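This document starts with one chain, in the form predicted alone, laid out as structure tokens.
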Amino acid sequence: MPDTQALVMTFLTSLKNATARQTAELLRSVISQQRVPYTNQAGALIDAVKAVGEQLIAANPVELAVGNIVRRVLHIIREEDLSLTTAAIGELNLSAVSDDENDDDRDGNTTLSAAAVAAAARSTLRPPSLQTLLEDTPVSAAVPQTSSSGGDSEGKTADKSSRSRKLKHDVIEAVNELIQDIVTCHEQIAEQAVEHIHQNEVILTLGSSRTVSEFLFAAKEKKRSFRVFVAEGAPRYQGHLLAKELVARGLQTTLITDSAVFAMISRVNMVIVGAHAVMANGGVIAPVGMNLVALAAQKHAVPFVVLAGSHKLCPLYPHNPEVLLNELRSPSELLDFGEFSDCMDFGSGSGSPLLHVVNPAFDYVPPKLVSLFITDAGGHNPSYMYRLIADYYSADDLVVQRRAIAGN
């Protein structure tokens, strides 16, 4: 697939600025261009997505949203294949019952294979996911008509080809829905703002987050009057940008240093922050300095609320070897090399500089410090996040790795 590979390579070169939406769009292109065989159509799609997903995750392991989308698409393929298989088995059962009722001389030429019976058993024992129950969306049961002769090879070939097209179509439609959910997640989270922000409250946040800004703007539009304390988020000072946006929208804003959080937290009614990723245990990977804010909130019994779209919910735990919790940014964000060049001179007798600069990008906030998660699916306690995450992913896809080829 030269076109697909070109898309992948272009995407990898710009992965630092990639979004979850772009990842989903790339995987949609991979699926649409993948040639699906007559047998094991789902396996072929899964292998194609895993092959690309491995490259995407390896290119930037700390960008957990990319891996989340890869796993979400793999889960979609499995769910759509199971849905088609279940519908096909239902059609075979109906056909067998009809033959028995209408023709007493026939013994029922339509029989179920062992694989079909096993698939039916799995689908019967499998409970519906919470997401399916909440959405209450009927599953499409369109199944191609099968040949009743039992010996018509052309009919079987047509059935397989039709089912192959049906699987790809359903998967692409589901991926389109996923992309739409990613695009609208900020608005869906913002719609809940009026339920959590009340009149004359003081809100504290750190750094800059589009989800947080949309949340605050939505409360402002609902005629809520409140003040926002913005910690500047050193050393990148993203809080300065958020403060300008809030003032431009008419919100009362106070900009403070990160070290002043403990001094100001006693005046705060609620802490509202964004997240880089939410782990399966309810822990949060967030911009550096966030753990300090969470500890201050816990010390003064201030609710610590985390806003995150469902694409940021990661099925992995912090201790999993596949998780890269942090990355070190350039020391130039902290100091000017011209002023400290003498301290970093490698010409000293020891052969190593006397001054070392560490500039981590993220903090880890344990779930015990989080009061509430607000996602596009509603508000949830940290102890419930593992159940919500389980509805979006399959256990077989936690480690994105292609199947080993025999003989290699």
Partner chain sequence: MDSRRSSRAVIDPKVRQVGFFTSAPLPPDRTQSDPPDPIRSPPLADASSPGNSLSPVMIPPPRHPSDSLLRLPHSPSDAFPPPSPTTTTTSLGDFSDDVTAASSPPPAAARVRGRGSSVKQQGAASSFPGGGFEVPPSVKAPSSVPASGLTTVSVVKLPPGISENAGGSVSVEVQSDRALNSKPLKEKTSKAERRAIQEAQRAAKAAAKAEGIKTPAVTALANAKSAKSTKPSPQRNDSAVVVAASEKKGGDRSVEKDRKKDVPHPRMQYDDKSRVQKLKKRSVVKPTEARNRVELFRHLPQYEHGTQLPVLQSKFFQLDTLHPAVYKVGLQYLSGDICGGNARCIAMLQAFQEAIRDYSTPPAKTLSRDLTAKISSYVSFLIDCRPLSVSMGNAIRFLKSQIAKIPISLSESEAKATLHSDIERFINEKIILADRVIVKHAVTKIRDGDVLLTYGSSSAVEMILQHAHELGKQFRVVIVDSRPKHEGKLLLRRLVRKGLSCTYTHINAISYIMHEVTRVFLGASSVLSNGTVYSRVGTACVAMVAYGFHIPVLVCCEAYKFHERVQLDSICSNELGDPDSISKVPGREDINHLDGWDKSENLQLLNLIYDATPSDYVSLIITDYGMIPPTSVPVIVREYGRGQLWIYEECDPLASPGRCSDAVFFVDGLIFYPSQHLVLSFWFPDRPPSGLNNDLLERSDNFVTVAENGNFTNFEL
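Numbering follows the first chain given and starts at 1. Since this is a predicted model, take the numbers as computed values, not measurements.
Here the subject shifts to the form predicted in complex with its partner chain, a form of this protein not shown in this document.
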Taking its partner chain as it sits in the predicted bound form, is Tyr317 near enough to touch it, meaning that at least one heavy atom pair lies within 4.5 angstroms? no
With the partner left out here, check for me: in the predicted bound form, does some heavy atom of Gly379 sit within 4.5 Å of its partner chain? no
Close approach of Val194 to its partner chain in the predicted bound form, 4.5 Å, heavy atom: no
May I ask you to check whether Glu177 falls inside a 4.5 Å heavy atom distance of its partner chain in the predicted bound form? no
So which of 69-77, 309-317, 290-298, 169-177 is the stretch with heavy atoms within 4.5 Å of its partner chain in the predicted bound form? 290-298
Here the chain is shown alone; which of Ala87, Ala218, Ile256, Met270 has a heavy atom within 4.5 Å of its partner chain in the predicted bound form? Ile256
Between the options Ala275, Leu204, Ala243, Val302, which residue brings a heavy atom to within 4.5 Å of its partner chain in the predicted bound form? Ala243
Out of 246-269, which residues reach within 4.5 Å of its partner chain in the predicted bound form, heavy atoms considered? Val247, Ala248, Gly250, Leu251, Gln252, Thr253, Thr254, Leu255, Ile256, Thr257, Asp258, Ser259, Ala260, Phe262, Ala263, Met264, Ser266, Arg267
Say whether the C-alpha atoms of Asn320 and Val30 sit closer together or farther apart in the predicted bound form than in the form shown here, given that their separation changes by 3 Å or more. farther
Closer or farther in the predicted bound form: C-alpha pair Pro360, Glu322 (3 angstroms or more): closer
